[in-house]
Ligand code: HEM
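We begin with a single chain expressed as structure tokens, specifically the form predicted on its own.
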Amino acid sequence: MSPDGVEARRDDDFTEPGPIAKLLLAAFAWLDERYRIRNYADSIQHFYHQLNFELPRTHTEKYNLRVIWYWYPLYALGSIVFLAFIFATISGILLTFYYIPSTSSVMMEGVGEATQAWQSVALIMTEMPLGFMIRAVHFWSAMVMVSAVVLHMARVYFTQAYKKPRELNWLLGVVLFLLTLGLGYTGYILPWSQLSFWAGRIGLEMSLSTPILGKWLAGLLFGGVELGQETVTRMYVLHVILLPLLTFGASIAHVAIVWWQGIAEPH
């Protein structure tokens, strides 16, 4: 026993770290010496605890309200939207490995002349391993995402959760709604089937009918006043790169504001 009554630890109580642990410790020490990783980690941890202690998470905590449990399923709609977006993104990445954004004509057995884009979709459904399932997951994820976004905005509107101090997050939600519609529309055109062509034609006519900016908008989104290869290329870039990045960034900002201000529960 030690003089203060605490049993002294022996040297053999400590185990020697293994070679992998030594390597990781050496790498961390090398990085920490140059980039002060521990200081930034401590600052982030302090900021996180400060927010959690100072900001109420929900109206129930802030105003000491009675919990209304039957409202809670309506408050899961935002999470459903985000999960559907993640599923659509993962399945969409897999589909891009096989999809060809081209309107060039090819001959398909049993079909005749078709576009290369439609042929690639047919190959996904018939020859790609589990391609029919991956495309179905992508399609239904998009349907669930659009439906959940509409219901989510309806819930926010009818519970008046768009009012002070959540006006900015409501506007951000409107932007996310428009981005969701854009994702659905651009994805609808990519197979370049008859339905895709006429959906593109409707969008082109709507763009051309825009006052002053009509031709410029049609050229930007559809590649001109007629549908063709430029249309598919633009829709592909929008659907695969630009709109997903904007949607993901806006979603993170939207969730961060909800976490910062708390959930607007009915009261």
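For every residue, the number given is its place in the sequence shown, counted from 1. Since we're looking at a predicted model, the values are computed, not measured.
From this point on, the text means the form predicted in complex with this ligand, which you will not see here.
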query: Contact label in the predicted bound form: residue 196 to this ligand, heavy atom within 4.5 Å; finding: no
query: 4.5 Å heavy atom contact, residue 152 to this ligand in the predicted bound form; finding: yes
query: Partner proximity in the predicted bound form: residue 253 to this ligand, non-hydrogen atom cutoff 4.5 Å; finding: no
query: Heavy atom of residue 92 within 4.5 Å of this ligand in the predicted bound form; finding: no
query: Per-stretch contact check against this ligand in the predicted bound form, the hit in 92-100, 128-136, 187-195, 79-87 (non-hydrogen atom, 4.5 angstroms); finding: 79-87
query: 117, 124, 176, 142 - the one with a heavy atom within 4.5 Å of this ligand in the predicted bound form; finding: 176
